[in-house]
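One chain comes next, on its own, written as structure tokens: the form predicted on its own.
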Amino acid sequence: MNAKKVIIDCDPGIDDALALMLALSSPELDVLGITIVSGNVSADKGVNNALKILKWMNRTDIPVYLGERLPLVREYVNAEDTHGEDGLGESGYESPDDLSYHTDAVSFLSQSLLNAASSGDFISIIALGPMTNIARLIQTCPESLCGLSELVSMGGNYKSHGNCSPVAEYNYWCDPHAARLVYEAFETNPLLSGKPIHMVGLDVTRKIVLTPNLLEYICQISPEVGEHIRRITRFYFDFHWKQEQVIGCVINDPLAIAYFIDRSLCHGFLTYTTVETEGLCMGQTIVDAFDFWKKKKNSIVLTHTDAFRFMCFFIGRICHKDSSQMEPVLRQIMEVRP
């Protein structure tokens, strides 16, 4: 199998941790590095969380790079109310003192993409947090974009309501200026022509809910994996109940990884998208679904997903089980008819 070369840009983060577990369990991906940005927690906490996850997964060969600590313009607001002060649900995992990280994520991104352009072996970026690192890359080394194959961004929302304001999704709300800059680049930069951003937003991720029954099933078929997930999601379960009366937790980021691997898991449409940067609607994605502005289409906005197929994929991969053999139990748990 010719694995796709990817760099994962993230802000770990409970659901980022689950997404990294999925990515590192998928042979279709050759993860060249993990770049960290401030979002759910500060970038300094995020790098330590990434190292913890790599140690769980026995993948300490993958380098981790500290990225931007602050948004481009606005004041930084973390999401520790959602993910816990440590970013991993107050799970108490100790920092792996035997592991270290690198600095200057943006330089790593630019050099990796320039090398990819020279070799013709292009690299994709899966962005699971605010796009501050990607925006800085565009500002400082736009020529490196010739080495980019695709950008998949977990962020934004179209018809779904927001999760940190009535209209905004957190990643884009946390650094709206970065998100807007990136979407504008995919409209205007000729190096990105024909490479729309894949926006994996709340319209699809909200349908991906890890319920207590699903978690118990994971614990039964893979106790070690289940224990990691149980420890980091208890806080997340409590938050979702208090905030949205959801039994379980929405796991946004793993869907972006799964979609990158299997495009049939989600569907959407090609359109022009931009991001509001000020006022009450800060962070809102403005999706020109009816081509009102007649602007160049810079994004594929996902609107539909199959939660059952995703769970078969996700649980099968992280537990190293044949997903087809899991289907009867998952149909029962998720109340899906054959």
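None of the values given here were measured: they were computed from a predicted structure. Residue numbers here begin at 1 and follow the sequence given.
Keep in mind that the form predicted together with a small molecule is not shown, yet the notes after this line are about it.
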| Just one of 95-103, 167-175, 260-268, 183-191 has heavy atoms within 4.5 Å of the small molecule in the predicted complex; which? | 167-175
| query | Three residues, 15, 40 and 163; all within 4.5 Å of the small molecule in the predicted complex via heavy atoms? | reply | yes
| Taking the small molecule in the predicted complex as the reference, which of 249, 154, 197, 88 has a non-hydrogen atom within 4.5 Å? | 154
| task | Please run the contact check for residue 131 against the small molecule in the predicted complex: heavy atoms, 4.5 angstroms, yes or no? | result | no
